[in-house]
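Alright, two takes on the same chain below, each alone as structure tokens: structure 1 and structure 2.
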Structure 1
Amino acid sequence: MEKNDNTQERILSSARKVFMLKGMAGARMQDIADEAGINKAMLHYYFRSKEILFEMIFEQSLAQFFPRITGIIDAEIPFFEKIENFCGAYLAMLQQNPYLPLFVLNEVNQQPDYFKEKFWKNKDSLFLKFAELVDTEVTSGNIKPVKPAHLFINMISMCIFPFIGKPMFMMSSGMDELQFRYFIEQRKTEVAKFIIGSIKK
């Protein structure tokens, strides 16, 4: 029996949905097979285990984020433009994958050693590069003195929180889905503007 690309993609899409909702520990191969509309034997033919599927989904999720963000940090553009591009790209990625932050946080918190060993190899260089940029800007007198870790967390958390707290936020603000989407589009510039305003001399 030959493997079909469409079937494999359907399985990956279904697995992504099940893992997002139930996590690695709570998901079952039968859940994924049911979501994909195939039997479990067919699922095992394409992917031998839940662990293999999970690793592929997790790596795909991280791959959507890190290369693009690394490219922004490495780009020969002014520092404030890097911040604008970073916030815009990160929010765009979250728009396409709104359940990704909770998914990643849950899995990392449950299995920090497994996550570090399997998925975080060489990725700590992203923050180190950012920290060097910040220190250079501070030393050059271009921005106010600021700790790179605080600046990095401020940028990430201001992008992530609307998605993590979306149900509560929509309920308290009275926003509908269309209004929330428009709100996120605004944040692509508002977050960067706020961050830049807080460090600009």
Structure 2
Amino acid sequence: MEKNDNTQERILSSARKVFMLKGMAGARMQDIADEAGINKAMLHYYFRSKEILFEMIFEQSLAQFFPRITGIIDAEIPFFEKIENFCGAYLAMLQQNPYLPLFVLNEVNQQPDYFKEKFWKNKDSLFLKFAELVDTEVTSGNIKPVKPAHLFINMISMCIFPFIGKPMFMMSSGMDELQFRYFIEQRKTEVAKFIIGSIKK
């Protein structure tokens, strides 16, 4: 119980790194142990099994992946500003966690039922809140008539996909790391601008 906290934290941090990069199927307990500077036995001492360790990481990744949007949605600001705020904030988070989307979506695709059963309980839907907001704006005549589902997916896609397709896009465009970073920096305003350009009256 001496170095308990310290080691446990190091394991979680290492596990996070390895699982993010390799996924559940590709990750090796040995990799995690190496990354943490300990041996495999210790992993099992702190977390009984690979699956338990994985679930810890996955759960905390999910929480990050789903933005706490209530603040932005319910704010007393114009609709367009909400879009700007959301895209800016979400892109900034993804910049800090570039492997998050592929990791999460991969695991969800791998076992949708397990995910639904275990992690989807009582989760209030970001989508439904957004759709409600869009419908209000449409009926108020503030924006062009658009289908909320498409607008939602468009926005999410343009934020998330660049990180999923990053290596391939970098090859296609010839960008290096720095240029890509700048590219994302631009998107923090460009994505919202693009959306608003399409739906404003």
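Heads up, when I say rigid core I mean the largest set of C-alphas that superpose within 1.5 Å between the two forms. Every residue number counts along structure 1's sequence, beginning with 1. Computed from a predicted model, the values in this text were never measured in an experiment.
In this comparison, the chain shown as structure 2 is the form predicted in complex with another copy of the chain. After superposing the rigid core, the C-alpha of Met56 moves by 2 Å or more between structure 1 and structure 2. Residue displacement note: Phe152 has its CA displaced by under 2 Å between structure 1 and structure 2 (rigid core superposed).
On rigid-core superposition between structure 1 and structure 2, the C-alpha of Phe47 is found to move 2.8 angstrom.
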